[in-house]
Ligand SMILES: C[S@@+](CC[C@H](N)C(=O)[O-])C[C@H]1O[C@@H](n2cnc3c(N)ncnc32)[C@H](O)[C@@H]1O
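One chain comes next, on its own, written as structure tokens: the form predicted alone.
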């Protein structure tokens, strides 16, 4: 009996985990290394953007297990995401090479990949995250935004309501999951116009109500084009939004030169200049 227990333990230690990104657009964003993790796995768990992408993944591996069925209206997403962790860890502990495949980047707006890697490493298993092309990456390309020009602030929209955050209107403001803004329960798939009005009221402290707002959703299939819809801030409550759509506000104020800092730097330049 003791020999059997020892062998099972050793087998379990050979279990491993890789969480990889599928990217956003089917077929064109998957990296060779991410594909390798998928093809070499014993079992693949998938949390993807739609059923078509999942069907495409099933052509790459005979044992793909969808995680989407664990979502349910009225069920906290905290419970769903913990179930995903438990499912993946069960197979890792059984000695299997597990691959979790997530749309976009597995580490962006994704609690489960971070958590399951943390748990696996704490138990002595090899665990790795392989990045993917995210919605943020697509946003910069599709909207022609260079984050290095004015800077960008990224917030999950509800964080602006739940916490005291400082908005800098001289840079881009990028708000994620506005369709769920104000949901403390994590049980809803959307919130209504009244919740978005609260967000608008907050934003109006830094932006005029006629300031342009871009509503963006990247393409997930090669035959699609990104959705780009422009409105003014005051109209945001009246627009139906999904959790996948992102709201972008361009800078509302010019950058203000920091004259004191420039003077200090000029003095340094003089001090360290080469004659």
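Residue numbers count along the first chain shown, from 1. Because the structure is predicted, anything quoted here is derived from the model rather than measured.
Here the subject shifts to the form predicted together with this ligand, a form of this protein not shown in this document.
- With the partner omitted from this view, the residue of 61, 217, 211, 29 that lies near this ligand in the predicted bound form is 217 [heavy atom within 4.5 Å].
- Exactly one listed residue, out of 143, 129, 108, 89, brings a non-hydrogen atom to within 4.5 Å of this ligand in the predicted bound form: 108.
- Under a 4.5 angstroms non-hydrogen atom cutoff, this ligand in the predicted bound form has residue 134 among its neighbouring residues.
- Taking the partner from the other structure, this ligand in the predicted bound form has a heavy atom within 4.5 Å of a heavy atom of residue 244.
- Not displayed here, this ligand is approached by residue 24 to within 4.5 Å at the level of heavy atoms in the predicted bound form.
- At the 4.5 Å threshold, heavy atoms of residue 177 reach this ligand in the predicted bound form.
- Remark: of stretches 203-211, 53-61, 32-40, 236-244, the one touching this ligand in the predicted bound form is 236-244 (heavy atom within 4.5 Å).
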